[in-house]
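The structure tokens that follow cover one protein chain in two forms, given apart as structure 1 and structure 2.
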Structure 1
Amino acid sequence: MPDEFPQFQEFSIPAVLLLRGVVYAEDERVWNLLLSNASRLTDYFARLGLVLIVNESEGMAFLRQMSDEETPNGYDAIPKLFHTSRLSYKQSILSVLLRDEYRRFEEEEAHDEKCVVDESALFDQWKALRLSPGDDVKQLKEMRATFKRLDDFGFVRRFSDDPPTWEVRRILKARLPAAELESLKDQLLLKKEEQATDRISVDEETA
């Protein structure tokens, strides 16, 4: 234990909150501290191998792991602090549906400041995609469980219970860039080809 702690620095507040997740402009005090200390924070997190993304027009800031290409010359490899997580198939598809809702919200909505979707509307889409087997009750249960997982990732947040609605959070947009969606599309294309070859081989066997 050092005899004396360093003096308190305001930038510690956004720093800790950034390590815990996204900082939104709605949290005015933290947001302002973050903006006024942006360069120090960038500097500080770079030492940890992290990149600070401040998107002022979206009103949010978050950290991401520095990629190998971004690592400056002379930097040794730093252990990773952020882990990447793989969403399950259903979680991925629900994220896609929600991403689409958010896109529409951005393009068409002038009244609300938040993107809030009805669970029932989402459920119709969920059913249309035939993602889970069983009757409506079972399917709804499964969709809700999937929502819960996305909630853990911070992508959505329960907005109201009656009627059941979910807020799609802005971070979803940042975490699902076009490149990632592209990769998902490729995986699905591959899957479809597999299905087709399987079918052909099955047909040949029966023939």
Structure 2
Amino acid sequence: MPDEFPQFQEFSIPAVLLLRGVVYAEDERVWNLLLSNASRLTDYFARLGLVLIVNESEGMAFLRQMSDEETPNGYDAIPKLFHTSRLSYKQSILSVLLRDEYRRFEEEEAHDEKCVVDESALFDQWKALRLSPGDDVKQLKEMRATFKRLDDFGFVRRFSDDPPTWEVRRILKARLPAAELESLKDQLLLKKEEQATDRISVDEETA
């Protein structure tokens, strides 16, 4: 243990919370500390190979790993703190549906409200994009398990249990750009269409 600890720095509070995830403007004290120490935080995280993203219009801030192109000379030996995770097929489907819900929410210009979705309202859309057939009980169980996984990513959080609803968090929009999700949605629909065509072909051959 050192004889004397360094003097407390208030920017340590948003720094630790940023390392744990997203800081939202709703946490007013931390948000104000973050904004008033943005330059120091940016410098501090740059030394760790991280980029601080502050989106004041969306009211959120988060960190991302510095890309190879952004890394200055001499920084190439820094180990990566964050690793990229690829979404599974089911996580991709649900992300596409939730991004659509968030887009509609923004078009309603209800920015002072939360984007809350009802599980039952998404279920038919979920089934329409799933390639594997199954009864409703099994598919609902799959969808709920996928919601929980997206909760681990910070994209959603449970809003209420009765009825089962989820809040779509703004970080989903930042982490998963609309263009990429639109492309993914097209791919999912194409796969579904190809699967339907294959089934028709099999039926015709059988007949």
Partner chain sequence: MQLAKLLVYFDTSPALSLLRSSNAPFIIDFLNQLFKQSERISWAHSELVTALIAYQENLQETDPGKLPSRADAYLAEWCSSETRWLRRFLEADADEPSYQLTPHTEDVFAFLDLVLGKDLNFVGTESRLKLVIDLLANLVVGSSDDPETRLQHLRNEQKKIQDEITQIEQDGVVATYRPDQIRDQFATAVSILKQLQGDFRAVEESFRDITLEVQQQQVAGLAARGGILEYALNAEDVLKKDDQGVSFYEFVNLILSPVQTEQLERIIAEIRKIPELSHQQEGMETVRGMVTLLQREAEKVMRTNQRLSTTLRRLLDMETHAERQRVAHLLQEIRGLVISLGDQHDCNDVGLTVEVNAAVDSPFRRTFWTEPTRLEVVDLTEFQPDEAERTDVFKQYAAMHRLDWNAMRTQIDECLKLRSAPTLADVLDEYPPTSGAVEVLGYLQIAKDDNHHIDETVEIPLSIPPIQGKGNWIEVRVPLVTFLNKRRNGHA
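Throughout, rigid core stands for the largest set of C-alpha atoms superposing within 1.5 Å between the two forms. Numbering for residues begins at 1 and runs along the sequence of structure 1. This one's a predicted model, so the numbers in the text were calculated from it and none came from an experiment.
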Check: 1 or 2: which is the form predicted alone?
Finding: 2
Check: Any CA movement of 2 Å or more for residue 77 between structure 1 and structure 2, core superposed?
Finding: yes
